[in-house]
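The chain below stands alone, shown as structure tokens; this is the form predicted alone.
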């Protein structure tokens, strides 16, 4: 039996799912469509242009690409940025994560967690209208800190083009506080719906997977730090971003414009997950008041259904609260920080790697440039690319369990597969960076 989902709906980008179910089990292919090739576009360009080019990869998570790129450029040029500009970038990054999470929860996943309600009814509810107001609060923060919320431009090699004025800081702080107030009002209903959605889909026990996250001195680190891997046997590995090629490997997929990405530990190649579920699963506590309380709810649900992929949705809700509280904290500190927007940069031959936590997980930008400042090598590894293999494995386990229990109605299988894929919130436009696709792999 062949189950085809063409296309997978309510995600970013173009994805087809093919599940071939036979006596030997299910064979799953997630086919990312639409070659983009941004690494090739960057070759030969002045390296300082990269942070303004790469946000065009995606309109949903452009902030993360903007920040990872400028960090890679600065690493290549050996630049240390002023503290104030780093804080502006951190606010921008936190806002980018929050707005993306709210887009997924409010627009892409929401019909699933409402259990079959008519879509026209779902999007006319007071709950959804409050969701829109909440996201507007966050977008205003990114507008100010990034220059605009789609394809931001404020981060430049050496710092930022513009530090926010005192009145700008006040506006962002007010928007963050208003957003946190709205979220606190929405939280109970949203958590109840998401938990009910998870509970109605807990008839499958998913295999434990390795995880990779960025860690620093804070509870959740989005902008800077070291990479931490916890493998499926609970062994831990910590390394600097500059060493990522020793532990993270990419392989082309014959049927997709994306790639598969694995971690390698002691010669063993392993599937792994990134993103909000991995970030909160590897966390011990959140000390902020609102998000700290929300995190206790997450841990209670996690203890019942460890590593269940639908938990990504509850993790996003907690991270939105954390991002808003963290934005307020950073803005309070920024207000009393010396206003130096930018350090001097000199073009020279070099190599740099920038890693941030994008909404969907680890994002890696890696550049080399010549002595005249032109890019000679560019590699971008996105969170969705890292999650593809884990998604395929989860779909395989889901489908085989449903077939074993004789829940083999094709439409029901499709619905359950879509629930799972949307919970990962894949960004397919970000993942399509390879041209190694077999012309004979299409159905």
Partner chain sequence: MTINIGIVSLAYCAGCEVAIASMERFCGLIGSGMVRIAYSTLLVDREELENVDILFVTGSIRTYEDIAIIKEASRKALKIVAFGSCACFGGIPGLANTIEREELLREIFSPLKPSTTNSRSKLTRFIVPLNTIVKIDYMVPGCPPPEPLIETLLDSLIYGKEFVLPKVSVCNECPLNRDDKKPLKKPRRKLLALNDIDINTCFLKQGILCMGPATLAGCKALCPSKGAPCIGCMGPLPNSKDQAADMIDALSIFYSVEPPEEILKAIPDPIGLLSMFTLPYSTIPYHRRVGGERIEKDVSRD
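Numbering follows the first chain given and starts at 1. Note that this is a predicted model, so its numbers are computed, not measured.
Just so you know, the form predicted in complex with the partner chain exists too; it's not on screen, but the next bit is about it.
Contact with the partner chain in the predicted complex, defined as any heavy atom within 4.5 Å, is confined among 142-150, 173-181, 307-315, 85-93 to 142-150. Residue 214 falls outside the set of residues with a heavy atom inside 4.5 Å of the partner chain in the predicted complex.
The partner chain in the predicted complex comes within 4.5 Å of a heavy atom belonging to residue 124. Residue contact check for residue 257: one or more of its heavy atoms lie within 4.5 Å of the partner chain in the predicted complex. When the partner chain is considered in the predicted complex, residue 33 lines it closely, a heavy atom lying within 4.5 Å.
For the three residues 196, 403 and 424, a heavy atom within 4.5 Å of the partner chain turns up in the predicted complex in no case. This chain is displayed alone, yet in the predicted complex one of 344, 269, 296, 166 has a heavy atom within 4.5 Å of the partner chain; that residue is 344. For the options 230, 353, 331, 77, the residue carrying a heavy atom within 4.5 angstroms of the partner chain in the predicted complex is 77. Shown without its partner, the chain has 9, 10, 11, 12, 13, 14, 16, 31 in segment 9-31 as residues with a non-hydrogen atom within 4.5 angstroms of the partner chain in the predicted complex.
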